[in-house]
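Only one chain comes next, encoded as structure tokens, the form predicted on its own.
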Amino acid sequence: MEVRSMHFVSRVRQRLEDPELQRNLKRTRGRNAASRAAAVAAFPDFDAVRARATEIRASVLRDLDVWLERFEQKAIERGATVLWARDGDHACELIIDIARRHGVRTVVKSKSMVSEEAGLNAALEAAGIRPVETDLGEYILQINDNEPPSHIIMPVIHKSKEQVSELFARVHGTAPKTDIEALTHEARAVLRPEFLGADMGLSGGNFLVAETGSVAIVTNEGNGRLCTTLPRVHVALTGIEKVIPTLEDLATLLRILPRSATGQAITNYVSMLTGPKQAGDADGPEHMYFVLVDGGRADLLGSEFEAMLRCIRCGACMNHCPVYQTIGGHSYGWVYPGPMGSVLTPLYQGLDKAMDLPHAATLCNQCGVVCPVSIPLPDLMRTLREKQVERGLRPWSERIATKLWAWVAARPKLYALGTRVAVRYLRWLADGRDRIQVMGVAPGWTAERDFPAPAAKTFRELYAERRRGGGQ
């Protein structure tokens, strides 16, 4: 997927001025947060399970090489082939090679964010192999000129049913319909022959279980099972950080993943896939491959950003982020939007290609509070900001202003004088109103919002007056 995160500010302006997108975002705003809150309230052990899930993910990362080797050994014992990809391009090469060796012409896909990282659909098409997205949201995006997803678990959350109806009528040549069940039936009728005729199925993987060499897939639509059991070849494409030690660990993580994502106690389908079809099996692929992608993940091990690898891709952070809820996922310019994308994109694509993303947050810590594996997302964004300053990537004016502030803040008398002057200046700008509409020294700050006018006196002045008046 092309990286466009360097154009974040201009993309945000476009999204804020898009009335249809703003209506769609407003329609869904808070819905998933409310569902999660209800699911957590009905599950009294949630905090204890969350702590256990955090420890499972953290302990795996401490010995990631050991668990990956264990997974590879068990997967091979069950008849699967395990391949290792340096990055997305390498993963595409491996998958195209698999497809050619098996004479594959059509690949049915269930949702995989790693395939978005790799740009797999474009690579398959360039190789003469037809990819067909079968997750309903991903299918809608594919037939809309390969539009990128705007959410990791609800990829088409930015569209209304009327927009989907218009798209289906145009692409399918059918009568427009706005009944969601009718639209779903129409997509099912189109996709069913694709499942039956495809040579290869490609899935992502929510978790890899080292104990059994299995991949676990969590879905609500059932397309994942059709992709992984009907075609004669199955490829599971996922990141190396998804491995966990045991089935018991999987049971723990499955108790918090759907509750955090969609507010469900459990999803409609939880599939465990272990090796290809064996003698006596009613269904399953003849050949099974795992393609495990590094793509920058190994570089995070042992670093101050290692906690980010705990992520289980539930989307809770973006469901609670006021920034994401206002600008939508496409503003972030790469695969992962919201707070997790504001950390992952700079780490995977480079700080210089995502300059504004670590700043796309209010630091209210709602994302950190709801993260089911306790990733300190605001802390990680602050660390990325520090890295930008250390590498000289921020504008010179911002760097000078920060250094000047730090110098003044270390001198209490000068700081007190400066704040007294600043308060009077801001009060003068407010001109008797409670908001400042144009900030004189930083007009960009008030370009799209007002700045609250400060109190008439600083805290130090009020405190000194109170002391002189005999107060505490």
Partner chain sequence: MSVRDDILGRLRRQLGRTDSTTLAARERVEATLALRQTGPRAAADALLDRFIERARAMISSVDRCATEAEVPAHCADWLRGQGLPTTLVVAPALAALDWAGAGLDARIGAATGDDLVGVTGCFRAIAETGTLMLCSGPQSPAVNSLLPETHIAVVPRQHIVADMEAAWAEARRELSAWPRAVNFVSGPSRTADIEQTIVLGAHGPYRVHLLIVG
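Numbering follows the first chain given and starts at 1. Bear in mind the structure is a predicted one, so any value in this text is a computation, not a measurement.
Just so you know, the form predicted in complex with its partner chain exists too; it's not on screen, but the next bit is about it.
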| query | finding |
| --- | --- |
| Answer range among 152 to 160, 353 to 361, 371 to 379, 198 to 206 for contact with its partner chain, defined in the predicted bound form as heavy atoms within 4.5 Å | 152 to 160 |
| Heavy atom of each of V164, Y269 and A298 within 4.5 Å of its partner chain in the predicted bound form | yes |
| Exercise: T106 in contact with its partner chain in the predicted bound form, heavy atom 4.5 Å | no |
| R225, heavy atom within 4.5 angstroms of its partner chain in the predicted bound form | yes |
| Close approach of A41 to its partner chain in the predicted bound form, 4.5 Å, heavy atom | no |
| Contact of R86 with its partner chain in the predicted bound form (heavy atom, 4.5 Å) | yes |
| The unique member of E221, E116, E147, E194 whose heavy atoms fall within 4.5 Å of its partner chain in the predicted bound form | E221 |
| Sole residue of R435, R424, R411, R52 within 4.5 Å of its partner chain in the predicted bound form, by heavy atom | R52 |
| Residues in 172 to 208 with any heavy atom within 4.5 Å of its partner chain in the predicted bound form | I180, E181, L183, T184, H185, R188, L191, R192, F195, L196 |
